[in-house]
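One chain comes next, on its own, written as structure tokens: the form predicted on its own.
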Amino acid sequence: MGLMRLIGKRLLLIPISLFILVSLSFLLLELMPGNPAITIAGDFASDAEIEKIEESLGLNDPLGARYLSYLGSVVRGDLGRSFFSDQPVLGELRERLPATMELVFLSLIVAAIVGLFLGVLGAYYRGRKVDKATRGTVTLFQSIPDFLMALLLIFFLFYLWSVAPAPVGRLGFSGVSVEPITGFLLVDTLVAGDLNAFVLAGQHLLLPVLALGIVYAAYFGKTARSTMATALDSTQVEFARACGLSEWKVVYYAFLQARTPILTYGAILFGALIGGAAIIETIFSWPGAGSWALTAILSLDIPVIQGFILAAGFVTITVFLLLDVLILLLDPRVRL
């Protein structure tokens, strides 16, 4: 019963968090410099033309009235229409968000595998040559920006060695089309039974996933090393060694002790990856929500920016909720 009460409390925080997110995003976008009407009309438009566009978009309405109107629309599930394409923002999100989520999920898996391996290895051999090598690798990964990592991978894996396909979209110039079911291309190709399209989609995921995964592996590596080093020095691990358990078992039990902060940091990185994927999506012509929002920012397409912020915030809040439930299940001490 205590577990269900804690889960209920966290569920109650979701609408409160979303209300704060909607309000802050609306107010911050109002403070942005520039006028969308001028961007739409062009630099040589007359004042009358600009005023007409502002009137049609509702930009001349009082701030309070616009806020209440937007809040009511969000409650009804209406995120508005793009200033430029006149397409519903919610429809664009449904089409583009799965591409971003697929990229983020796979990048996070790569980052976790590489980062945990380096972190655990460094913690176990701390102070020795292996530890210095792993720390140097983590520092190298962290010092390379993700866009530079992407360009390096394109140069070596695509241009120089030809082991990866052209960095253009989710299926490149193959002409292959897949009926969207979930929006996750790997899942849709398997549902359709098209193994050739599945392999092609995996090949095009290789470079962007590696670009994000390698860079973010550094954060996993640093967290894993510090938490595992503390766990390996604990009395529980000393007792396990005194009982004659193998080193693999000792490391396993130490990892179980250190898993909570690692899982928490993983959820934080997930939220960071949703926004951080925008540049990678642009480099690889990836039709995701990140590159779509980046284009909207450059053109002051406010409904699109607001829609992306709300969608990214909702996904992040949901992941944090699932993480809280998982930690409550894995570590009963947290319930106290």
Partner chain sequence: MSETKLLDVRGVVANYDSPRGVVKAVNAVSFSADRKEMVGIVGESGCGKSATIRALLGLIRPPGKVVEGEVLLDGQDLLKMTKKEIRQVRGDKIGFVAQNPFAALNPIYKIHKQFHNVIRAHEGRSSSRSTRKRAVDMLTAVGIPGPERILDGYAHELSGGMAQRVVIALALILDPELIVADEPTTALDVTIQRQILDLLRRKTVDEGRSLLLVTHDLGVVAQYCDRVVVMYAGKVVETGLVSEVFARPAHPYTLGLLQSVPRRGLKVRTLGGRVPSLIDYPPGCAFADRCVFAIDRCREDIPELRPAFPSGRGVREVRCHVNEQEVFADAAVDR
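Just so it is clear, the model here is predicted, and its values are computed rather than measured. Residue numbers count along the first chain shown, from 1.
Quick note: we don't show the form predicted together with the partner chain, though the next part is all about it.
Enquirer: Quick one: from R135, R259, R81, R94, grab the residue that has a heavy atom within 4.5 Å of the partner chain in the predicted bound form.
Expert: Spelling it out, the residue with a heavy atom inside the cut-off is R259.
Enquirer: Just give me the single entry in V130, I181, A242, V168 that has a non-hydrogen atom within 4.5 angstroms of the partner chain in the predicted bound form.
Expert: Of the candidates V130, I181, A242, V168, A242 is the one lying within 4.5 Å of the partner chain in the predicted bound form.
Enquirer: Applying a 4.5 Å heavy atom distance criterion, does G8 contact the partner chain in the predicted bound form?
Expert: The answer is no: G8 has no heavy atom within 4.5 Å of the partner chain.
Enquirer: Can you tell me whether K249 touches the partner chain? I mean in the predicted bound form, with a 4.5 angstroms heavy atom cut-off.
Expert: Judged by the heavy-atom cut-off of 4.5 Å, K249 is in contact with the partner chain in the predicted bound form.
Enquirer: At 4.5 Å between heavy atoms, is M4 in contact with the partner chain in the predicted bound form?
Expert: M4: no, not in contact with the partner chain in the predicted bound form.
Enquirer: Is the gap between Q236 and the partner chain in the predicted bound form 4.5 Å or less for some heavy atom pair?
Expert: Result yes; Q236 sits at the interface with the partner chain in the predicted bound form.
Enquirer: Exactly one stretch in 168 to 176, 222 to 230, 122 to 130, 185 to 193 has heavy atoms within 4.5 Å of the partner chain in the predicted bound form; which is it?
Expert: That would be 122 to 130.
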